[in-house]
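We begin with a single chain expressed as C-alpha coordinates, specifically the form predicted alone.
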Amino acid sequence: MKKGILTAVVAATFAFLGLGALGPKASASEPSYTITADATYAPFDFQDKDNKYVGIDQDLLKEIAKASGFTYNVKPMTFNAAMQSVASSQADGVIAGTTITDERKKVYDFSDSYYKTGVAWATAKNSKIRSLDDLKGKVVALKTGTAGAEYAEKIKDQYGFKITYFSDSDTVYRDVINGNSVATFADLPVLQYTVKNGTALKVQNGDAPFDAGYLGFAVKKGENQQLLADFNKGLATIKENGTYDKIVNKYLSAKAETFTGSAKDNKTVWGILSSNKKAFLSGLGQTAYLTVVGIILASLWGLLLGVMGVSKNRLVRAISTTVVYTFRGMPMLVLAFFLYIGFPALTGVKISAWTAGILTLVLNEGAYTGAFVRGGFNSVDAGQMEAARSLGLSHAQAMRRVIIPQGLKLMVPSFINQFIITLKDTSLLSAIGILELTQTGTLIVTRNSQGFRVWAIVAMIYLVVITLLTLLSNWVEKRTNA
(Lines give C-alpha, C1' and ligand atoms only; values in the text may rest on other atoms or scores of the structure.)
Protein backbone atom coordinates (compact mmCIF):
# COMPACT_ATOMS: atom_id res chain seq x y z
CA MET A 1 0.00 0.00 0.00
CA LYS A 2 2.74 2.44 0.98
CA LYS A 3 4.65 1.58 -2.19
CA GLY A 4 1.53 2.30 -4.27
CA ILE A 5 1.05 5.67 -2.57
CA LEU A 6 4.69 6.57 -3.14
CA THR A 7 4.44 5.62 -6.82
CA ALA A 8 1.33 7.75 -7.21
CA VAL A 9 3.00 10.75 -5.56
CA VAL A 10 6.08 10.47 -7.79
CA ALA A 11 3.94 10.08 -10.90
CA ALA A 12 1.83 13.10 -9.93
CA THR A 13 4.95 15.18 -9.33
CA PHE A 14 6.42 14.32 -12.72
CA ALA A 15 3.08 14.93 -14.43
CA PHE A 16 2.79 18.36 -12.77
CA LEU A 17 6.26 19.32 -13.96
CA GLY A 18 5.68 17.93 -17.45
CA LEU A 19 8.36 15.29 -17.04
CA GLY A 20 6.32 12.12 -17.55
CA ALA A 21 7.88 11.41 -20.92
CA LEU A 22 10.19 14.40 -21.01
CA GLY A 23 9.86 14.64 -24.72
CA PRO A 24 7.10 14.95 -27.32
CA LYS A 25 3.75 13.82 -25.96
CA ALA A 26 2.34 10.59 -27.25
CA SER A 27 -0.55 10.62 -29.67
CA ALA A 28 -2.77 8.08 -31.34
CA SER A 29 -0.50 8.12 -34.39
CA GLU A 30 2.74 7.65 -32.44
CA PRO A 31 5.35 5.49 -34.25
CA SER A 32 5.22 1.81 -33.41
CA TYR A 33 9.00 1.38 -33.09
CA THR A 34 11.79 3.38 -31.50
CA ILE A 35 15.01 3.26 -33.54
CA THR A 36 18.31 4.65 -32.31
CA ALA A 37 21.01 6.00 -34.60
CA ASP A 38 24.49 7.49 -34.48
CA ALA A 39 24.00 11.26 -34.72
CA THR A 40 27.50 12.01 -36.00
CA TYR A 41 28.45 9.58 -38.77
CA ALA A 42 28.09 11.33 -42.12
CA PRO A 43 27.21 10.28 -44.77
CA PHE A 44 25.35 7.43 -43.03
CA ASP A 45 23.73 9.41 -40.19
CA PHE A 46 23.89 13.18 -39.68
CA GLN A 47 21.86 16.38 -39.56
CA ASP A 48 21.52 18.50 -42.71
CA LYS A 49 21.40 22.29 -43.09
CA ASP A 50 17.66 22.23 -42.27
CA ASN A 51 18.35 20.33 -39.03
CA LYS A 52 16.73 17.15 -40.34
CA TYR A 53 18.33 13.75 -39.74
CA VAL A 54 19.46 12.38 -43.08
CA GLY A 55 22.06 10.04 -44.55
CA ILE A 56 22.26 6.64 -46.18
CA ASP A 57 20.95 4.91 -43.05
CA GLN A 58 18.08 7.34 -42.50
CA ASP A 59 16.88 7.41 -46.10
CA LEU A 60 17.08 3.62 -46.38
CA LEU A 61 15.12 3.22 -43.14
CA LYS A 62 12.46 5.62 -44.37
CA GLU A 63 11.95 3.74 -47.63
CA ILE A 64 12.15 0.32 -45.98
CA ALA A 65 9.47 1.33 -43.47
CA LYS A 66 7.28 2.61 -46.29
CA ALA A 67 7.72 -0.60 -48.27
CA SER A 68 6.99 -2.86 -45.27
CA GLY A 69 4.24 -0.77 -43.70
CA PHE A 70 5.72 0.01 -40.27
CA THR A 71 6.30 3.34 -38.56
CA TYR A 72 9.11 4.45 -36.28
CA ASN A 73 10.67 7.25 -34.28
CA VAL A 74 14.42 7.98 -34.49
CA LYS A 75 16.51 8.79 -31.40
CA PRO A 76 19.96 10.03 -32.50
CA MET A 77 22.79 9.77 -29.95
CA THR A 78 26.39 8.61 -29.68
CA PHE A 79 27.15 5.22 -31.24
CA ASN A 80 27.83 3.40 -27.97
CA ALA A 81 24.71 4.84 -26.33
CA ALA A 82 22.64 3.87 -29.38
CA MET A 83 23.82 0.26 -29.24
CA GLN A 84 23.41 -0.01 -25.47
CA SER A 85 19.91 1.46 -25.64
CA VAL A 86 18.85 -1.52 -27.72
CA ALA A 87 20.72 -3.99 -25.51
CA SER A 88 18.89 -2.60 -22.45
CA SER A 89 15.49 -2.62 -24.27
CA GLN A 90 15.27 1.18 -24.21
CA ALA A 91 14.85 1.08 -28.00
CA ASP A 92 13.59 -1.52 -30.46
CA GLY A 93 16.35 -1.34 -33.05
CA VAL A 94 19.48 0.49 -34.12
CA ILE A 95 20.75 1.64 -37.51
CA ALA A 96 24.11 3.33 -37.07
CA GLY A 97 26.61 2.09 -39.63
CA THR A 98 26.98 -1.01 -37.46
CA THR A 99 29.35 -3.69 -38.70
CA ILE A 100 28.04 -7.24 -38.34
CA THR A 101 30.53 -9.21 -36.22
CA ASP A 102 30.47 -12.55 -34.40
CA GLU A 103 30.95 -10.78 -31.06
CA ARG A 104 27.96 -8.49 -31.63
CA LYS A 105 25.84 -11.45 -32.73
CA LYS A 106 26.01 -12.70 -29.14
CA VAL A 107 23.98 -9.66 -28.04
CA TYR A 108 22.06 -8.61 -31.17
CA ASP A 109 20.16 -10.18 -34.05
CA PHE A 110 21.11 -8.57 -37.37
CA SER A 111 19.21 -7.96 -40.56
CA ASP A 112 20.47 -8.86 -44.00
CA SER A 113 23.39 -6.59 -44.83
CA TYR A 114 22.38 -3.26 -46.37
CA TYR A 115 25.90 -2.04 -47.21
CA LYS A 116 29.30 -3.60 -47.89
CA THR A 117 31.85 -1.52 -46.05
CA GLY A 118 35.50 -0.96 -46.84
CA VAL A 119 37.95 0.61 -44.40
CA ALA A 120 40.32 3.37 -45.42
CA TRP A 121 42.98 5.21 -43.49
CA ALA A 122 43.83 8.88 -43.63
CA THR A 123 46.51 11.26 -42.44
CA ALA A 124 46.79 15.04 -42.21
CA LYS A 125 46.97 16.62 -45.65
CA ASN A 126 50.64 17.64 -45.27
CA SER A 127 51.75 14.44 -43.50
CA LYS A 128 54.88 12.62 -44.65
CA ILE A 129 53.42 9.24 -43.68
CA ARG A 130 52.79 7.13 -46.79
CA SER A 131 52.45 3.53 -45.60
CA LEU A 132 51.20 1.55 -42.64
CA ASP A 133 54.81 0.77 -41.76
CA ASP A 134 55.34 4.49 -41.09
CA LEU A 135 52.85 4.28 -38.22
CA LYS A 136 55.27 2.34 -36.01
CA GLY A 137 55.63 3.93 -32.58
CA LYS A 138 53.04 6.61 -33.39
CA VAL A 139 49.44 7.25 -32.22
CA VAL A 140 46.33 6.55 -34.31
CA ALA A 141 42.97 8.19 -33.44
CA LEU A 142 39.78 6.11 -33.72
CA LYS A 143 36.05 6.52 -33.21
CA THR A 144 34.78 3.87 -30.80
CA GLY A 145 32.68 1.04 -32.17
CA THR A 146 33.33 1.67 -35.88
CA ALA A 147 34.55 -0.72 -38.54
CA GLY A 148 37.67 1.40 -38.82
CA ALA A 149 38.38 1.02 -35.11
CA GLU A 150 37.90 -2.76 -35.28
CA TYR A 151 40.29 -3.07 -38.23
CA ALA A 152 42.93 -0.86 -36.60
CA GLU A 153 42.75 -2.89 -33.41
CA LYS A 154 43.49 -6.06 -35.40
CA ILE A 155 46.62 -4.68 -37.07
CA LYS A 156 48.05 -2.42 -34.35
CA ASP A 157 50.52 -5.05 -33.08
CA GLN A 158 51.59 -5.95 -36.60
CA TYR A 159 52.47 -2.34 -37.42
CA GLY A 160 53.42 -1.25 -33.90
CA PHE A 161 51.20 1.80 -33.44
CA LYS A 162 49.28 3.01 -30.40
CA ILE A 163 45.58 3.88 -30.26
CA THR A 164 43.53 6.68 -28.72
CA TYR A 165 39.71 6.68 -28.80
CA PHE A 166 37.05 9.36 -29.21
CA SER A 167 33.23 9.22 -29.31
CA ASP A 168 32.66 11.44 -32.36
CA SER A 169 34.25 11.68 -35.79
CA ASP A 170 35.10 15.38 -35.85
CA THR A 171 37.22 15.10 -32.69
CA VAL A 172 39.10 12.23 -34.34
CA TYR A 173 39.81 14.33 -37.43
CA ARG A 174 40.90 17.35 -35.39
CA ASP A 175 43.23 15.18 -33.33
CA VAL A 176 44.96 14.04 -36.54
CA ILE A 177 45.04 17.51 -38.12
CA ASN A 178 46.43 19.08 -34.93
CA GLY A 179 49.23 16.49 -34.81
CA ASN A 180 48.27 14.78 -31.55
CA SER A 181 47.86 11.61 -33.59
CA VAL A 182 49.11 10.84 -37.09
CA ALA A 183 46.30 8.85 -38.73
CA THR A 184 42.79 7.48 -38.44
CA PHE A 185 40.84 4.53 -39.83
CA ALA A 186 37.17 4.72 -40.86
CA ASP A 187 34.66 3.58 -43.46
CA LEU A 188 35.80 4.85 -46.84
CA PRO A 189 32.55 6.78 -47.55
CA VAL A 190 32.88 8.55 -44.20
CA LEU A 191 36.41 9.73 -44.93
CA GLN A 192 35.55 10.68 -48.49
CA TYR A 193 32.60 12.76 -47.27
CA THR A 194 34.61 14.69 -44.70
CA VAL A 195 37.46 15.37 -47.20
CA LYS A 196 34.90 16.57 -49.75
CA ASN A 197 33.56 18.82 -47.01
CA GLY A 198 36.90 20.60 -46.63
CA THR A 199 38.57 18.69 -43.79
CA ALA A 200 42.36 18.81 -44.20
CA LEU A 201 42.86 15.04 -44.41
CA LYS A 202 44.33 12.82 -47.12
CA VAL A 203 42.88 9.35 -47.76
CA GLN A 204 45.80 6.98 -48.32
CA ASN A 205 44.02 3.97 -49.85
CA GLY A 206 40.90 5.32 -51.52
CA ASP A 207 41.31 3.02 -54.50
CA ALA A 208 41.91 -0.13 -52.46
CA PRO A 209 39.97 -0.10 -49.15
CA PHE A 210 40.52 -2.87 -46.64
CA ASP A 211 37.69 -5.42 -46.48
CA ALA A 212 35.88 -4.92 -43.19
CA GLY A 213 32.63 -6.77 -43.75
CA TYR A 214 29.00 -5.65 -43.87
CA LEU A 215 26.69 -3.18 -42.16
CA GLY A 216 23.37 -4.29 -40.69
CA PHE A 217 20.30 -3.17 -38.78
CA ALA A 218 20.18 -4.68 -35.28
CA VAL A 219 17.66 -5.60 -32.59
CA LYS A 220 18.23 -7.15 -29.18
CA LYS A 221 18.84 -10.89 -29.46
CA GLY A 222 15.57 -12.79 -29.34
CA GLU A 223 13.38 -9.66 -29.41
CA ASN A 224 11.54 -7.64 -32.09
CA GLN A 225 11.76 -10.40 -34.65
CA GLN A 226 8.79 -8.96 -36.58
CA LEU A 227 10.66 -5.65 -36.94
CA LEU A 228 13.71 -7.54 -38.21
CA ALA A 229 11.60 -9.48 -40.71
CA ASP A 230 9.90 -6.28 -41.90
CA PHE A 231 13.29 -4.60 -42.33
CA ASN A 232 14.57 -7.49 -44.47
CA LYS A 233 11.39 -7.51 -46.51
CA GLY A 234 11.55 -3.77 -47.16
CA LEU A 235 15.26 -3.91 -47.95
CA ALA A 236 14.68 -6.57 -50.59
CA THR A 237 11.89 -4.47 -52.09
CA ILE A 238 13.90 -1.26 -52.45
CA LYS A 239 16.88 -3.13 -53.86
CA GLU A 240 14.64 -4.68 -56.48
CA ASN A 241 12.91 -1.44 -57.52
CA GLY A 242 16.10 0.63 -57.69
CA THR A 243 15.40 2.91 -54.71
CA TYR A 244 18.40 1.52 -52.83
CA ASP A 245 20.91 2.52 -55.53
CA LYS A 246 19.41 6.01 -55.82
CA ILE A 247 19.83 6.62 -52.08
CA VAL A 248 23.42 5.39 -51.90
CA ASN A 249 24.46 7.33 -55.00
CA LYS A 250 22.74 10.46 -53.66
CA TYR A 251 25.08 10.64 -50.67
CA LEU A 252 28.27 9.31 -52.26
CA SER A 253 28.18 11.56 -55.35
CA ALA A 254 26.49 14.75 -54.14
CA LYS A 255 28.43 17.93 -53.49
CA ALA A 256 28.97 18.68 -49.81
CA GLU A 257 27.02 21.97 -50.13
CA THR A 258 23.87 19.93 -50.79
CA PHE A 259 23.69 19.08 -47.08
CA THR A 260 25.95 21.64 -45.39
CA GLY A 261 24.76 24.89 -46.93
CA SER A 262 26.80 27.28 -49.02
CA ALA A 263 30.57 27.36 -48.64
CA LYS A 264 30.29 31.11 -47.99
CA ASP A 265 28.07 30.55 -44.94
CA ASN A 266 30.50 28.03 -43.48
CA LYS A 267 33.62 30.17 -43.85
CA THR A 268 32.73 32.76 -41.22
CA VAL A 269 31.44 32.68 -37.65
CA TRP A 270 28.61 35.01 -38.59
CA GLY A 271 27.67 32.87 -41.58
CA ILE A 272 27.49 29.71 -39.45
CA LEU A 273 25.55 31.53 -36.73
CA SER A 274 23.06 32.97 -39.24
CA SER A 275 22.47 29.74 -41.15
CA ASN A 276 22.09 27.69 -37.95
CA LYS A 277 20.38 30.19 -35.66
CA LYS A 278 17.27 28.05 -35.22
CA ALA A 279 19.39 25.07 -34.16
CA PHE A 280 21.43 27.16 -31.72
CA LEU A 281 18.30 28.73 -30.21
CA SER A 282 16.65 25.34 -29.89
CA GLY A 283 19.74 23.89 -28.20
CA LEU A 284 19.96 26.86 -25.84
CA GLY A 285 16.27 26.48 -25.02
CA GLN A 286 16.71 22.81 -24.14
CA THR A 287 19.75 23.67 -22.01
CA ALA A 288 17.76 26.36 -20.18
CA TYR A 289 14.85 23.97 -19.63
CA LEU A 290 17.10 21.26 -18.22
CA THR A 291 18.87 23.79 -16.02
CA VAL A 292 15.75 25.41 -14.56
CA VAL A 293 13.88 22.17 -13.89
CA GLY A 294 17.04 20.48 -12.65
CA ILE A 295 18.01 23.26 -10.24
CA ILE A 296 14.48 23.58 -8.81
CA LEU A 297 14.22 19.87 -8.04
CA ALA A 298 17.88 19.65 -6.95
CA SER A 299 17.40 22.60 -4.58
CA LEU A 300 14.38 20.97 -2.96
CA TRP A 301 16.24 17.66 -2.66
CA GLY A 302 19.36 19.42 -1.39
CA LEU A 303 17.39 21.35 1.23
CA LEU A 304 15.93 18.10 2.51
CA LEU A 305 19.39 16.51 2.66
CA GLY A 306 20.76 19.59 4.42
CA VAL A 307 18.03 19.58 7.05
CA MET A 308 18.55 15.85 7.57
CA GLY A 309 22.27 16.53 7.91
CA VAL A 310 21.77 18.69 11.02
CA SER A 311 19.10 16.49 12.58
CA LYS A 312 19.46 15.35 16.19
CA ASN A 313 18.72 11.80 15.03
CA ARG A 314 21.96 9.96 14.28
CA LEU A 315 20.34 7.62 11.74
CA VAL A 316 18.84 10.54 9.78
CA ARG A 317 22.22 12.29 9.73
CA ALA A 318 23.88 9.07 8.55
CA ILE A 319 21.40 8.69 5.67
CA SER A 320 22.03 12.27 4.57
CA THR A 321 25.80 11.85 4.76
CA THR A 322 25.67 8.59 2.78
CA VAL A 323 23.51 10.04 0.02
CA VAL A 324 25.66 13.17 -0.31
CA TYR A 325 28.88 11.14 -0.30
CA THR A 326 27.58 8.65 -2.88
CA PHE A 327 26.30 11.09 -5.49
CA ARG A 328 29.09 13.64 -5.04
CA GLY A 329 31.62 10.89 -5.55
CA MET A 330 30.00 9.41 -8.66
CA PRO A 331 31.00 11.02 -12.02
CA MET A 332 27.94 12.64 -13.54
CA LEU A 333 28.39 10.91 -16.91
CA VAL A 334 28.54 7.49 -15.21
CA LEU A 335 25.36 8.32 -13.30
CA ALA A 336 23.60 9.34 -16.53
CA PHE A 337 24.55 6.08 -18.26
CA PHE A 338 23.53 4.04 -15.21
CA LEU A 339 20.08 5.65 -15.05
CA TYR A 340 19.44 5.54 -18.79
CA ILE A 341 21.02 2.19 -19.69
CA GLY A 342 22.07 0.26 -16.60
CA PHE A 343 18.91 0.61 -14.50
CA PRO A 344 16.50 -0.37 -17.35
CA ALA A 345 18.69 -3.37 -18.18
CA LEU A 346 18.47 -4.47 -14.54
CA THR A 347 14.77 -3.81 -13.93
CA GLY A 348 13.19 -3.95 -17.39
CA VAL A 349 11.60 -0.52 -16.77
CA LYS A 350 12.11 1.93 -19.63
CA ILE A 351 13.28 5.45 -18.75
CA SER A 352 13.26 8.24 -21.32
CA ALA A 353 16.47 10.17 -21.95
CA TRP A 354 14.85 13.30 -20.53
CA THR A 355 13.81 11.56 -17.32
CA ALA A 356 17.28 10.06 -16.93
CA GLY A 357 18.82 13.48 -17.60
CA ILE A 358 16.68 15.28 -15.03
CA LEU A 359 17.25 12.56 -12.43
CA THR A 360 20.99 12.78 -13.05
CA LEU A 361 20.96 16.52 -12.44
CA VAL A 362 18.77 16.20 -9.35
CA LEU A 363 20.84 13.46 -7.72
CA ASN A 364 24.24 14.96 -8.58
CA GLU A 365 23.53 18.66 -8.09
CA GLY A 366 21.26 17.91 -5.13
CA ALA A 367 24.12 16.19 -3.33
CA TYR A 368 26.33 19.26 -3.70
CA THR A 369 23.43 21.47 -2.65
CA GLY A 370 22.83 19.29 0.40
CA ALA A 371 26.48 19.67 1.41
CA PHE A 372 26.50 23.47 1.34
CA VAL A 373 23.02 23.67 2.90
CA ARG A 374 24.23 21.62 5.84
CA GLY A 375 27.31 23.82 6.05
CA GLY A 376 25.13 26.94 5.94
CA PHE A 377 23.02 25.78 8.86
CA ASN A 378 26.12 24.83 10.84
CA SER A 379 27.63 28.27 10.16
CA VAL A 380 24.84 30.03 12.06
CA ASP A 381 26.21 31.07 15.45
CA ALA A 382 25.59 28.39 18.08
CA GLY A 383 24.30 31.08 20.41
CA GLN A 384 21.24 31.46 18.19
CA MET A 385 20.09 27.93 19.00
CA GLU A 386 20.82 28.40 22.69
CA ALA A 387 18.86 31.65 22.76
CA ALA A 388 15.92 30.08 20.95
CA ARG A 389 15.85 27.11 23.32
CA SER A 390 16.05 29.41 26.34
CA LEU A 391 12.88 31.11 25.08
CA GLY A 392 11.05 27.79 25.26
CA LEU A 393 11.24 26.72 21.63
CA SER A 394 11.77 23.05 20.87
CA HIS A 395 14.74 22.02 18.73
CA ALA A 396 12.48 21.62 15.67
CA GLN A 397 10.85 25.01 16.26
CA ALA A 398 14.25 26.67 16.73
CA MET A 399 15.49 25.18 13.48
CA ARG A 400 12.38 26.21 11.55
CA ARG A 401 12.05 29.76 12.94
CA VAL A 402 15.63 30.78 13.70
CA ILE A 403 18.40 28.65 12.20
CA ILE A 404 16.96 27.83 8.76
CA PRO A 405 15.97 31.44 7.86
CA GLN A 406 19.41 32.75 8.81
CA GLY A 407 21.20 29.87 7.09
CA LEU A 408 19.24 30.30 3.85
CA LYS A 409 20.20 33.97 3.73
CA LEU A 410 23.87 32.98 3.90
CA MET A 411 23.38 30.39 1.15
CA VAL A 412 21.86 32.61 -1.57
CA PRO A 413 25.18 33.09 -3.46
CA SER A 414 25.86 29.36 -3.22
CA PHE A 415 22.46 28.54 -4.74
CA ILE A 416 23.09 30.85 -7.70
CA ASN A 417 26.60 29.47 -8.13
CA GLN A 418 25.09 25.97 -8.22
CA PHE A 419 22.69 27.23 -10.88
CA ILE A 420 25.70 28.17 -13.03
CA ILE A 421 27.36 24.79 -12.41
CA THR A 422 24.14 22.98 -13.36
CA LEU A 423 23.95 24.96 -16.60
CA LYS A 424 27.42 23.78 -17.58
CA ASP A 425 26.81 20.21 -16.42
CA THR A 426 23.86 19.82 -18.80
CA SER A 427 26.42 19.46 -21.61
CA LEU A 428 27.28 15.96 -20.32
CA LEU A 429 23.73 14.79 -21.02
CA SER A 430 24.37 14.95 -24.76
CA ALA A 431 25.95 11.49 -24.33
CA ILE A 432 22.51 9.93 -23.78
CA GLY A 433 20.93 11.69 -26.75
CA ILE A 434 19.51 14.89 -25.26
CA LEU A 435 19.72 17.62 -27.89
CA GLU A 436 20.99 20.51 -25.75
CA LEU A 437 23.47 23.20 -26.79
CA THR A 438 26.63 21.06 -26.81
CA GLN A 439 24.98 18.25 -28.79
CA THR A 440 23.65 20.88 -31.21
CA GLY A 441 27.23 22.03 -31.78
CA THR A 442 28.39 18.46 -32.35
CA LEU A 443 25.72 17.87 -34.99
CA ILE A 444 26.57 21.09 -36.84
CA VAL A 445 30.28 20.25 -36.83
CA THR A 446 29.56 16.77 -38.19
CA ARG A 447 27.72 18.38 -41.07
CA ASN A 448 30.07 21.23 -41.99
CA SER A 449 33.43 20.19 -40.43
CA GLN A 450 33.94 23.73 -39.07
CA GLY A 451 34.93 22.70 -35.56
CA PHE A 452 36.80 25.85 -34.51
CA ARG A 453 34.08 28.28 -35.59
CA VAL A 454 31.15 26.24 -34.29
CA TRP A 455 32.72 25.62 -30.88
CA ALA A 456 33.67 29.30 -30.65
CA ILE A 457 29.99 30.15 -31.10
CA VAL A 458 28.90 27.58 -28.51
CA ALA A 459 31.53 28.82 -26.05
CA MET A 460 30.38 32.43 -26.51
CA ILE A 461 26.73 31.50 -25.91
CA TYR A 462 27.66 29.73 -22.67
CA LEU A 463 29.88 32.64 -21.66
CA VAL A 464 27.14 35.23 -22.25
CA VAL A 465 24.56 33.25 -20.28
CA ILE A 466 26.96 32.54 -17.42
CA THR A 467 28.01 36.21 -17.30
CA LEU A 468 24.37 37.25 -16.95
CA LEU A 469 23.87 34.70 -14.16
CA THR A 470 27.02 35.94 -12.40
CA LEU A 471 25.74 39.54 -12.53
CA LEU A 472 22.44 38.30 -11.10
CA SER A 473 24.32 36.49 -8.33
CA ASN A 474 26.22 39.65 -7.41
CA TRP A 475 23.03 41.71 -7.39
CA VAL A 476 21.17 39.21 -5.20
CA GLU A 477 24.11 38.96 -2.81
CA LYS A 478 24.17 42.75 -2.37
CA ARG A 479 20.40 42.83 -1.79
CA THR A 480 20.49 40.07 0.83
CA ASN A 481 23.40 41.70 2.68
CA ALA A 482 21.91 45.20 2.58
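So that there is no doubt, residue numbering starts at 1 and follows the sequence shown. Each form is matched to the other, and the largest set of C-alpha atoms that superpose within 1.5 Å is called the rigid core. It should be emphasised that the depicted structure is a prediction, and the values quoted were computed from it without experimental measurement.
Beyond what is shown, the protein has a form predicted together with ligand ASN; the following relates to that form.
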- prompt: Heavy atoms within 4.5 Å of ligand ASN in the predicted complex: which of the stretches 143 to 151, 392 to 400, 158 to 166, 333 to 341 has them?
  reply: 143 to 151
message: Check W121 for me: does it contact ligand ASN in the predicted complex (non-hydrogen atoms, 4.5 angstroms)?
response: no
message: Considering non-hydrogen atoms and a 4.5 Å limit, does ligand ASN approach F79 in the predicted complex?
response: yes
field: Touches ligand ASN in the predicted complex: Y41 (any heavy atom, 4.5 Å)
entry: yes
Contact flag, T194 vs ligand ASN in the predicted complex, heavy atom cut 4.5 Å: no
- line: The one option of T99, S111, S181, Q204 with any heavy atom within 4.5 Å of ligand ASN in the predicted complex is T99
- prompt: Among the candidate residues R317, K138, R104, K350, which is the single one with a non-hydrogen atom no more than 4.5 Å from ligand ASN in the predicted complex?
  reply: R104
message: Please determine whether the C-alpha atom of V119 is displaced by 2 Å or more between this form and the one not shown following superposition on the rigid core.
response: yes
